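There is one chain below, alone, in structure tokens, taken in the form predicted on its own.
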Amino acid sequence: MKMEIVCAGVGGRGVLLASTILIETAIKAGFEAMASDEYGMSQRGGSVVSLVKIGDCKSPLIGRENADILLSFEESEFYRNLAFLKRGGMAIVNTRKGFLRDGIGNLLKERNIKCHFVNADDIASRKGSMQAANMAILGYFSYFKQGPYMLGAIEETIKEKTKGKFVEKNLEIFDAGYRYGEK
């Protein structure tokens, strides 16, 4: 199996923790995995992009139109990183609106990209931790059962990779994101 995932957001949104969880979950499932992170002014809300590759890969970089999945933690980062997504790929976009800018729909349709919207900020906020919207996105993503990313496998990695005092809240928000997918 080979899978390429782009995790895109801004500083402080948990992009790097999410990509770590994806990598560790894949490794525990017996796959090779690697990542390359790009962040500069992330402390000031700048872009953070983590490229996650699973399977037999020679380089951690993902080329234009090669990614299978784009997990966008901010709607603006969806637009910025859409060029990574291959034809027939899947995007999950954290947005309050439930729709994208005019003109994007035709591009997605032309490229056969399946785009799913989740209001991860709202899910996390309702559960009492706006900072954990990344967990809502991972939960929503696990609903689609892509590769090694099943509900229980990601939950186990969350338990291992998050700080003790945040584990229960992260799991609660992760579960709420998964349930959002069931709707």
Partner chain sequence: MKDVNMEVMIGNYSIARGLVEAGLELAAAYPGTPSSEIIPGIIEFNKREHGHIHAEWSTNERCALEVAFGAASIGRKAACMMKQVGLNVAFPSFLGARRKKIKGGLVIICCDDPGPQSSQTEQDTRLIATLLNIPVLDPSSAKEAGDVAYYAMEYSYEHKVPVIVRSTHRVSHARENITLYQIGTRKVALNEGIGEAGVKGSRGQGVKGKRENGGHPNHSITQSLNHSSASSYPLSAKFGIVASGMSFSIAMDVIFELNLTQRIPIYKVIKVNPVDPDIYDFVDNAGRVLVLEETDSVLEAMIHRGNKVFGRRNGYVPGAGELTYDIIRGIIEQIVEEMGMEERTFFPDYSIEEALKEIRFPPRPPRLCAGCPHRASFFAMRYASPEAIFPGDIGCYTLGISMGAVDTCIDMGGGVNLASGFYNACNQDETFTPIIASIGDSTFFHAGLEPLYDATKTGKRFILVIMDNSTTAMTGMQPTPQTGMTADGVKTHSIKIEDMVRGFGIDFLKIIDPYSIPLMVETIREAHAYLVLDNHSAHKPAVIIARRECLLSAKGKHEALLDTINIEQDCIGCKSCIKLFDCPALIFNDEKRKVTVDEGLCTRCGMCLLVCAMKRPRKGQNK
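Predicted, not measured: the structure shown is a model, and the values here were computed from it. Numbering follows the first chain given and starts at 1.
Form predicted together with its partner chain: not shown, discussed below.
Every member of the trio 33, 83 and 131 reaches its partner chain in the model of the complex with some non-hydrogen atom inside 4.5 Å.
Its partner chain is not drawn, but in the model of the complex it has no heavy atom within 4.5 Å of residue 142. In the model of the complex, its partner chain sits within 4.5 Å of a heavy atom of residue 24. Residue contact check for residue 37: one or more of its heavy atoms lie within 4.5 Å of its partner chain in the model of the complex. Under a 4.5 angstroms non-hydrogen atom cutoff, its partner chain in the model of the complex has residue 57 among its neighbouring residues. Residues 65, 66, 74, 76, 77, 79, 80, 82, 83 of 65 to 86 are found to place at least one heavy atom within 4.5 Å of its partner chain in the model of the complex.
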